[in-house]
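Single chain ahead, by itself, as structure tokens, in the form predicted on its own.
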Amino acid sequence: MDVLVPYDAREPKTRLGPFLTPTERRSVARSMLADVLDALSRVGVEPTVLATEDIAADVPVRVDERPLTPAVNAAIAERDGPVAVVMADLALATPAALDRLLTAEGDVVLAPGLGGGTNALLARHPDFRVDYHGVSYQDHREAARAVGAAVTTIDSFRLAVDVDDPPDLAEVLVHGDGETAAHLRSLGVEIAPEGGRVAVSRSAE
């Protein structure tokens, strides 16, 4: 089975801009990628990082400067057999959660994100292609049905939390124990209760 990990090496996580500097955004994105690759390695998988530019990594790197959807579809089209796509910002992903995805039955297996996106998927049907615009989880279900593929949905908190906005960092600090959580703490990012919910703040330097 081929596993792709898309990664924006140029301008990652722009929606964290109000909270992190560009340098910090890049370092946090790299920490999340490291956590995802570590979790996959502990499942016994060597993925290919699908990056917007070349990066140093201990796994194969494929460079594709195109937007996410065409880059992933081009990589899928070249594969002969099942292909999984795991996003690089799943800082809470665990080997157990990823193993559930990779061993689940179904022509197309989807792990939805909390905001309606698709954080990870497994495609066994040769005609299935991705579309990450809009509410992609619903779009992927429709795309699977359109090619006659049976769909399985993975209900996993660990795969549902992707890091796009500052509040997502709180989930990493509460539930994470990997490189990303440690790196955020080194940057002075702290949990800050806010109106009965958990947010984040920066400690004074």
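One rule holds for the numbers: they count along the sequence shown, beginning at 1. Quantities reported herein were computed from a predicted structural model and do not represent experimental measurements.
The following text describes the form predicted together with a further copy of the same chain, which does not appear among the structures shown.
- Of the candidate stretches 39 to 47, 133 to 141, 52 to 60, 26 to 34, only 133 to 141 contains residues with a heavy atom within 4.5 Å of a further copy of the same chain in the predicted complex.
- Contact with a further copy of the same chain in the predicted complex holds for all three of D162, H175 and R197, each having a heavy atom within 4.5 Å.
- Contact check for D64: every heavy atom lies farther than 4.5 Å from a further copy of the same chain in the predicted complex.
- Proximity of P193 to a further copy of the same chain in the predicted complex: non-hydrogen atoms within 4.5 Å are present.
- When contacts are judged by a 4.5 Å heavy atom cut-off, G115 counts as touching a further copy of the same chain in the predicted complex.
- In the predicted complex, a further copy of the same chain sits within 4.5 Å of a heavy atom of R15.
- If you take 21 to 38 and check each residue for a heavy atom within 4.5 Å of a further copy of the same chain in the predicted complex, you get nothing at all.
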